[in-house]
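Below sits a lone chain in structure tokens, taken as the form predicted on its own.
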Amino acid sequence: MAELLVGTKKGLFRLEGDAGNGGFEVTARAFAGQSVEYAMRDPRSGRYLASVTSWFYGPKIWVTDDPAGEWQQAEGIALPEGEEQALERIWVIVPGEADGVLYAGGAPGPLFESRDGGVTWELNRPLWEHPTRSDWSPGAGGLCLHTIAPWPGDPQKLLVAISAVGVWLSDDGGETWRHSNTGIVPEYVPEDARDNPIQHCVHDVRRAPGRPERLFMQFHGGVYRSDDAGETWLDVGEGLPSDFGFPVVVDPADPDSAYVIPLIGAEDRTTPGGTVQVWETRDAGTSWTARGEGLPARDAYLTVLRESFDSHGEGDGLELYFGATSGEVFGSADAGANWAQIADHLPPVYSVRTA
């Protein structure tokens, strides 16, 4: 039985079912009418956490032990008093490596930390007060810290990515930060302006759990790989139908295997030619293969956002799930070889996470 947490424009939906036969149903709904940017279940405690943006109260994090029951509002999700900028959204929540530690990233580029399983939070000041912050520029979706990638087994090492400021690394648990965008080419800016080290619109970064120095990145224009923990990046997007897209997923069993969902350009942001396909590499980006059996093959101009693609398991039994802003959710029980639609008529999907 698979459990999916689907964040949408009109609330959080829990889907449960079997990816092998496509039989999923909605078993819980929360935050009706409110934007749920992200929801996840902490595998260590079993606690559920959701990022909810109220039109009146703004962005908050909520926690519960039962998504069909009562939710408790977490404390500390706020910017310092007197800030000219307002907290706009919380884009992602990620478990850390130390007991009880979680991280949350949002717009306009804050990183929050919790040390009690998500009940209380505090702002990471070194990143918020970084000397380069006055030069940070937002992407089309705002100045959003959307990727948080801890290093397995080492709570001191942390990678975050911000649109459009690029990749940032810390080796001391977030006390100091350095940007790390060497090798990334931002072709959307004039050539004579590309030497700016922090003008990089990263869309998503995923780490290979079994080889943590290996990372895959979906960029605003290109797919990249790093073999040195994000110090340098290599373009591996040749062979894809488009160099634009939002999410990327890595097979935990194989650091050479990754999946992306290409979209057409920054203006259109829909599946190429109206054909929905997930593209897979089994050789670290040297080549790519389309996987679309069971997915819409024509007249399907879907948009899949950065947090709307996730996996469960590994190897041949890897389960893959993604949702679209048109309200569909699709799943595969065999590492992308075959797909089935497992939900329809949902509000626009912002995030999909296996629980």
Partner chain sequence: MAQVTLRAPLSELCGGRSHEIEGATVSDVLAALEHAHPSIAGWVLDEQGRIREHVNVFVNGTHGVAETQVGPDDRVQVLPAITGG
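Here the structure is a predicted model, which is why all the values come from computation and not from measurement. Positions refer to the first chain, counted from 1.
From this point on, the text means the form predicted in complex with its partner chain, which you will not see here.
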Since the chain is shown here on its own, which stretch among 305-313, 59-67, 290-298, 324-332 would lie within 4.5 Å of its partner chain in the model of the complex, judged by heavy atoms? 59-67
Hey, in the model of the complex, is residue 94 touching its partner chain, heavy atoms inside 4.5 Å? no
Tell me, yes or no, whether residue 265 is in contact with its partner chain in the model of the complex, where a contact means a heavy atom of each within 4.5 Å. no
Does residue 87 reach its partner chain in the model of the complex if we count a contact as any heavy atom within 4.5 Å? yes
Flag residue 72 as yes or no: does it have a non-hydrogen atom within 4.5 angstroms of any non-hydrogen atom of its partner chain in the model of the complex? no
Given that its partner chain is left out here, which of 172, 238, 129, 83 has a heavy atom within 4.5 Å of it in the model of the complex? 83
Since exactly one of 198, 234, 79, 185 fits, which has a heavy atom within 4.5 Å of its partner chain in the model of the complex? 79
